[in-house]
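Heads up, the chain below is alone and in the form predicted alone; it's given as structure tokens.
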Amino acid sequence: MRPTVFVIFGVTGDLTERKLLSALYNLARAKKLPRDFYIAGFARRAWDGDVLRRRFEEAIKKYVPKCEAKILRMLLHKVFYVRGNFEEQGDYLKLKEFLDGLEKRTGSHMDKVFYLAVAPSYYPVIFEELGKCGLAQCCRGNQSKLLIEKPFGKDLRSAVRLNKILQRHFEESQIYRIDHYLAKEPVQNILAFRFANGIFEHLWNKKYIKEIRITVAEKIGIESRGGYYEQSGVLLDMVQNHILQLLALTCMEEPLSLAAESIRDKKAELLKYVRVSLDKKDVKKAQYLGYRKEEKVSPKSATETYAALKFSIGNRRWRGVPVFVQSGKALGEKLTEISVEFMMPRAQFLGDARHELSPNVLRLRIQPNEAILLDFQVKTPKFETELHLAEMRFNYSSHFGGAAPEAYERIIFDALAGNQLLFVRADSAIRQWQIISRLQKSWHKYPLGFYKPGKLGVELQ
């Protein structure tokens, strides 16, 4: 990898402390960072480099078990702080002056990676000011890259506007729209499972599959995110982005190659055919009891913390196969899983009342206890013919041992390497808003139910 300076906008915030610093430390420990790698924090607080390094050290020791002093010292030695206001053009010139000076002192022309760990309301001004001061341009063979957290817009109109501002200053090859679900190891394995195993791919269509279910359930409530959640709800927090990306990976056509653009082409192509049902019987939204007492939540809030929806895919492969999704907070367990139910077999067993057949179900479990599970029928060891449902299980941790890279480690590593496979391209980002926009406009018309925290199968009250 080329020499790089990693600029964190919003370096004093929660995301940096909880996720980015531990990811950077773990990459340093695994020797996955460039040899010449520097971190520059950009934020409004009246800090200096010493304060920032001390804060970094405290955060890394808090979130990284058994932190190694030598690696920590090496990382902190290359940490700098530039104080600036996101809305002040002069502060961007100050940042540019610092980065130019860093290149002169080190004698290296560097890639510049700008990570936006800030509120989305700051995105437009940051895009504009980076472009105006010349930091968006690539020069001397080095690249400027921009990493953007979700949400990318709050509706279709704002997403299109945001994208236009962004593309005035950056090429698509410089833009890394983050969906951290794509960086989870089991999600990446969906493509390998489908296209590297001939036993499954020829069954992966409407002839053999009855339905697909995608569940993203959280055991916790909204915790301290009331202000954000009041503006999004589960529809925009989970369905519009993470779940539609899981759907695209599960149902896309086979790519021409494993190159990032080839896979992103097929995801974008699949999303063109996706529709969400607006029928009232296919839309369920609800709020957990106690949500209205959470911090920064209105006592009369109509924000949903649970949603269940029905999608369809209107192409040749999937026409007629429903895709049911559900996601929510304060449910009975933490579970992210893609469940594929196959058609019942046409066999003599179906006409025999002694046999209560269950369908074959393939489950791709993304978290927790990452696994691939397959339910199938077996004969019990008796004189009579009697069937029993068995489970075939592949477990990531027991098979491979050790921990897989965390999502943010993979996000940062791939961005440094210039691999855009795990990032959302502009056409997919806009198409996801198009899919949800009609439902979003009529969302207030669907009745809001209520449920007690602690059940995965939501029972409305």
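Quantities reported herein were computed from a predicted structural model and do not represent experimental measurements. Numbers for residues come from their place in the sequence shown, where the first is 1.
Separately, the form predicted together with a small molecule exists; it is not shown, and the next lines address it.
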| property | result |
| --- | --- |
| Interface stretch in the predicted bound form with the small molecule - options 325 to 333, 154 to 162, 120 to 128, 374 to 382, non-hydrogen atom within 4.5 Å | 120 to 128 |
| All of 12, 18 and 44 within 4.5 Å of the small molecule in the predicted bound form, heavy atom check | yes |
| Contact of residue 149 with the small molecule in the predicted bound form (heavy atom, 4.5 Å) | yes |
| Heavy atom of residue 84 within 4.5 Å of the small molecule in the predicted bound form | yes |
| Contact label in the predicted bound form: residue 225 to the small molecule, heavy atom within 4.5 Å | yes |
| 4.5 angstroms heavy atom contact with the small molecule in the predicted bound form for residue 396 | no |
